[in-house]
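Given next, in structure tokens, is a single chain: the form predicted alone.
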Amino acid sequence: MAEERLDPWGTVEVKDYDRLRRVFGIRPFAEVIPKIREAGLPPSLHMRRGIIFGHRDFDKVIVEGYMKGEKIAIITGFMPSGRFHFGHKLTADQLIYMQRVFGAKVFIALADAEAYAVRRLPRREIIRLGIEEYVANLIALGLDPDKTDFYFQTNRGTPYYRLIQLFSGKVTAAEMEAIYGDLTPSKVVASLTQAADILHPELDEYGGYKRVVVPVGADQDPHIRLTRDLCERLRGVVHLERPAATYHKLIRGLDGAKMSSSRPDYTIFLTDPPDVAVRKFMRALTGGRATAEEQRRLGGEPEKCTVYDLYLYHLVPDDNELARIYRDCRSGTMLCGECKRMGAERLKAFLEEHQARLEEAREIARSVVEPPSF
């Protein structure tokens, strides 16, 4: 993390989430969990485990809205610039939870304009990835396509693009630079387009959802701050309520650095053949000691372990079992080889089950999202 700035397009790694929360005025998510339970709802796995660590107005916008019986929307975007991996699955799990537990309508932007402008990818490849990797994997994971609005940014209608044009007159270059740092024209357009992605479900043409939440990684907070400010500045032109946001910790790649599609050797994709994924997994950085004897004596360090990350985020849904794995590592009772073999079996089983659903999901994906004509 830069000292006082986040780069949503960069490779900055956040080390101190508590400091980030304090610097940017993000509220701790732990304060919301009792309110979710008071509403008669179960917190998600990622909420319980502190992976979702912060929020902006989730209690006021979403929990209160649910208790009042008002309709709720959750919006996120995926830039189809690479294959769908376990970092993307973290966001997918949050969408599925909100859809099933809060009854939220899901909006998913396939950020083809941003992928073309910022990543410089060919249009046809962007569109193919959007449908075959992102929409298909989301459906295979359990997102209900009948309760989801999938769209490519360049295919959205006039009211959506009207928002982008109006936003452009409500922010200065100096403000944009203060939020984002060095900018190019493509990044300016991408930022204003993301604001329209977040806010357009509030328009009558897209359902009139006045209670909207955006799940983001910590590095995406600049977009949230800009969007919430733009709401206030369009008062008198169009009525837009400030959206809520949740913030999650980013899962690390298998070498301990940021997980990314551009680093395939250290990233497990949901379309990796299971044997390929297992080979990557068995090479993952752990929190083990230099020797087995030392680890039995001193114990392992799960906080440093990317294998434990996959347990924490994805592979061990039972909290009691996760606590046992943590204790066995910490005490030196379980060594890294045994832990990896156990994780490899779980990973292989998950990928086999997921990929068995994927081909049917791809057929559905082609029917629920309209590809751009060019």
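Please read these numbers as outputs of a predicted model, since none were measured by experiment. Position 1 is the first residue in the sequence shown; the rest follow in order.
We do not show the form predicted together with a small molecule, though everything after this point is about it.
Mapping the unseen interface onto this chain, residue 126 falls outside it, with no heavy atom inside 4.5 Å of the small molecule in the model of the complex. Heavy atoms of residue 148 never reach within 4.5 Å of the small molecule in the model of the complex, leaving it off the interface. The small molecule in the model of the complex comes within 4.5 Å of a heavy atom belonging to residue 77. Heavy atoms of residue 214 reach within 4.5 Å of the small molecule in the model of the complex, making it an interface residue.
Heavy atoms of every residue among 114, 198 and 220 are located within 4.5 Å of the small molecule in the model of the complex. The partner is absent here; in the model of the complex, the one residue of 73, 135, 109, 92 having a heavy atom within 4.5 Å of the small molecule is 109. Partner proximity in the model of the complex, defined as non-hydrogen atoms within 4.5 angstroms of the small molecule, places exactly one of 93-101, 262-270, 77-85, 167-175 at the interface: 77-85.
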